[in-house]
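Encoded as structure tokens, the following chain is the form predicted on its own, with no partner shown.
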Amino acid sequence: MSYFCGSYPIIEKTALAGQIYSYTLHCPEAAEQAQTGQFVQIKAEGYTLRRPISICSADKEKGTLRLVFEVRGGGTDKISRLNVGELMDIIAPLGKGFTVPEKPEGRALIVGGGIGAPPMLDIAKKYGESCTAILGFRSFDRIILDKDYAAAGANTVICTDDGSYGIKGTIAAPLKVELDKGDISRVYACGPIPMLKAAAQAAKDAGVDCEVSLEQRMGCGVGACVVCACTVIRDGRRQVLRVCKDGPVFKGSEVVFD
């Protein structure tokens, strides 16, 4: 699949929570190619390496990409200072995304942790009421996109580490409840490694296909520098693959999390 490199106008910017921002760009060619789970590489002025940010949503009719990210350092801080009317320099779309059937059957289970929630929003839009989204956050003031998932028709379950909203604790308990119902056809997950490991194992135990999106530090974003290596067991062999090129989405059953 081809990707595009250019500077595209910012048509919307919203602060979702402390240091978490949502940007909408008008970039028709990239939006037309984008698949759920892919990402972009954003140029931050004054920094050599671009910052990888997951695509939250792609609207092919409007020709827009929505990006949601958290400020975690100087590069993302610089990007977060861009405003509506200015241009964002991106390479997009990159990587391999989630497997989302054209005509979904059964019920999908989305498991997102923190900033891992954005990449799967379009899956919820695809499945609608046949989707349950379990989203975990540190506390009430860190919750993002819960209303977006609900607007997509998904049954949305919120967990917070401190119990300030929703279910207190991790996604483990509601994940088991949903899988025990026996009607889940696919599990999609993105978030911290311990959460991905738990989701993949729970899906495996339930005999359900699972895909996980991995986060890794990246250099080029197109598979040349091999900075973002991960280990999988594929075709009976232990292999080292590139998150940016071979992923970021992998089968949960093949990823070596330890």
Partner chain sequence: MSRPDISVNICGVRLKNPIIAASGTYGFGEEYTDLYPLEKLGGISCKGTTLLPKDGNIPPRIAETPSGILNSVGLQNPGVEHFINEDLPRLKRQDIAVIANIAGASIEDYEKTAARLDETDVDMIELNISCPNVKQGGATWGVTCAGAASVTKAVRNATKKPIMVKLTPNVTDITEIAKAVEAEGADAVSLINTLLGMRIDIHTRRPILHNNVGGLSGPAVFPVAVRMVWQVHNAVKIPVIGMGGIASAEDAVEMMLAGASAVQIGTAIFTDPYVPVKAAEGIEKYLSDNGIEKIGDIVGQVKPW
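Small disclaimer: the values here were computed from a predicted structure and weren't measured. Residue numbers count along the first chain shown, from 1.
Not on display, but discussed next: the form predicted together with the partner chain.
A.B. asks: Is the gap between V157 and the partner chain in the predicted bound form 4.5 Å or less for some heavy atom pair?
C.D. replies: The answer is no: V157 has no heavy atom within 4.5 Å of the partner chain.
A.B. asks: Please check if K62 has a heavy atom lying within 4.5 Å of any heavy atom of the partner chain in the predicted bound form.
C.D. replies: Heavy-atom contact with the partner chain at 4.5 Å: absent for K62.
A.B. asks: Is P28 near the partner chain? Define near as a heavy atom within 4.5 Å, in the predicted bound form.
C.D. replies: No, P28 sits far enough from the partner chain in the predicted bound form that none of its heavy atoms falls within 4.5 Å.
A.B. asks: Please check if R234 has a heavy atom lying within 4.5 Å of any heavy atom of the partner chain in the predicted bound form.
C.D. replies: Result no; R234 lies far from the partner chain in the predicted bound form.
A.B. asks: Quick one: Q35, F69 and V249 and the partner chain in the predicted bound form, is every residue within 4.5 Å by at least one heavy atom?
C.D. replies: Spot residues vs the partner chain: no contact at all.
A.B. asks: Using a 4.5 Å heavy atom cut-off, which stretch among 206-214, 224-232, 52-60, 192-200 contacts the partner chain in the predicted bound form?
C.D. replies: Heavy-atom contact with the partner occurs in 224-232.
A.B. asks: What are the residues of 71-93, in order along the chain, with a heavy atom within 4.5 Å of the partner chain in the predicted bound form?
C.D. replies: Only a single residue, I91, comes within 4.5 Å of the partner.
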